[in-house]
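Below sits a lone chain in structure tokens, taken as the form predicted alone.
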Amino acid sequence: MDGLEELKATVENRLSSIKTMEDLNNVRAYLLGRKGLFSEFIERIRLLGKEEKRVYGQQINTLKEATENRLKEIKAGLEEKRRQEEEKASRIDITLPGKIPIIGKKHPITKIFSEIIDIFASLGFSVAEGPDIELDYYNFEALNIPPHHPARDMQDTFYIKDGVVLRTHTSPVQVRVMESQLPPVRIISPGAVYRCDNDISHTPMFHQVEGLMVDRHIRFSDLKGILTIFIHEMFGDETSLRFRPSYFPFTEPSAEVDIRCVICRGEGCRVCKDTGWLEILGSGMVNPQVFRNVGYDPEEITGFAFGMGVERIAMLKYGIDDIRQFYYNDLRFLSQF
């Protein structure tokens, strides 16, 4: 009988220690398992006399049944507690302040694209587009760059197969437009272009906007006027610019356009290589041979063309010194714009 009191105390102590389902299973196995505590006490009954065996057995069975009921109650309580916790976790508290979503912003290249297009649209230019995979004829030959011309070495071209390339500039769009319509023509051609180059100022894929204006009596002074308006709209009225003689196969005469360094304001710095000037775009009067290639009479009409790198404009406007930043998709960088 002393052992029975000890059993009751052990059962009560074990039951009170249950906090989790894992505790419940461990206590059940310890008390009611095949080799559990109750089994051990029931084995002792065989050593008792007949009358003691009856009394002792009844008390053991009563305690065992009470223990099983307690375990069921504890299990039900644990399951209810878990259900309440799950319900609480899944419940939406409408009194809490809402979470403010992260609002996306335009990529800086997209912003510059839009600004360029808006400026030239205000000057009467329309947008024309063409294929990224281009015929060699439109990318080179129609633009006065025949086979073996040294200017082809300047392009670092991706060749897909003979006669087919990834366009190295958007100038082929100008040729396609002139083939399909008569003057006057006033277009810009924005889009992606591709060259075999990769460093802090070049990427294999980048973006250009090229422009074309063709009509009777178009002069170099018209080109200067249009580009001066564009640069002042993009960088501010106080921005100085200059036209510097250059060479492009599809324009003659040709000029590169520089602006006063936006970083040092002309004082000289690492970005402008201490010159105080930054090259921003190329331009010139359309070469008569290009007009002949598209069926225009160069004796009757004239025109000018220009081209600029969108990443270049963005780097100058936002003070970015590594072109690759545009393609890392780093939210810390992009969120600044």
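One-based numbering along the sequence shown. Treat the numbers as computed from the prediction; the structure is a model and nothing was measured.
One more form of this protein, predicted together with 3,4-dihydroxyphenylalanine, exists but is not displayed; see below.
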| said: Check Phe306 for me: does it contact 3,4-dihydroxyphenylalanine in the predicted bound form (non-hydrogen atoms, 4.5 angstroms)? | reply: yes
| task | Although 3,4-dihydroxyphenylalanine is absent from this view, report whether Phe248 comes within 4.5 Å of it in the predicted bound form, heavy atoms only. | result | yes
| So in the predicted bound form, does any heavy atom of Glu210 sit within 4.5 Å of 3,4-dihydroxyphenylalanine? | yes
| field | His169, heavy atom within 4.5 angstroms of 3,4-dihydroxyphenylalanine in the predicted bound form | value | yes
| message | The chain here is shown without 3,4-dihydroxyphenylalanine. Which stretch in 125-133, 98-106, 250-258, 72-80 comes within 4.5 angstroms of it in the predicted bound form, by heavy atom distance? | response | 250-258
| remark: 3,4-dihydroxyphenylalanine in the predicted bound form has a heavy atom of only one listed residue within 4.5 Å, and of Arg152, Arg195, Arg186, Arg176 that residue is Arg195
| request: Pull the contact list for 275-297: residues with a heavy atom within 4.5 Å of 3,4-dihydroxyphenylalanine in the predicted bound form, in sequence order. | output: Gly282, Ser283, Gly284
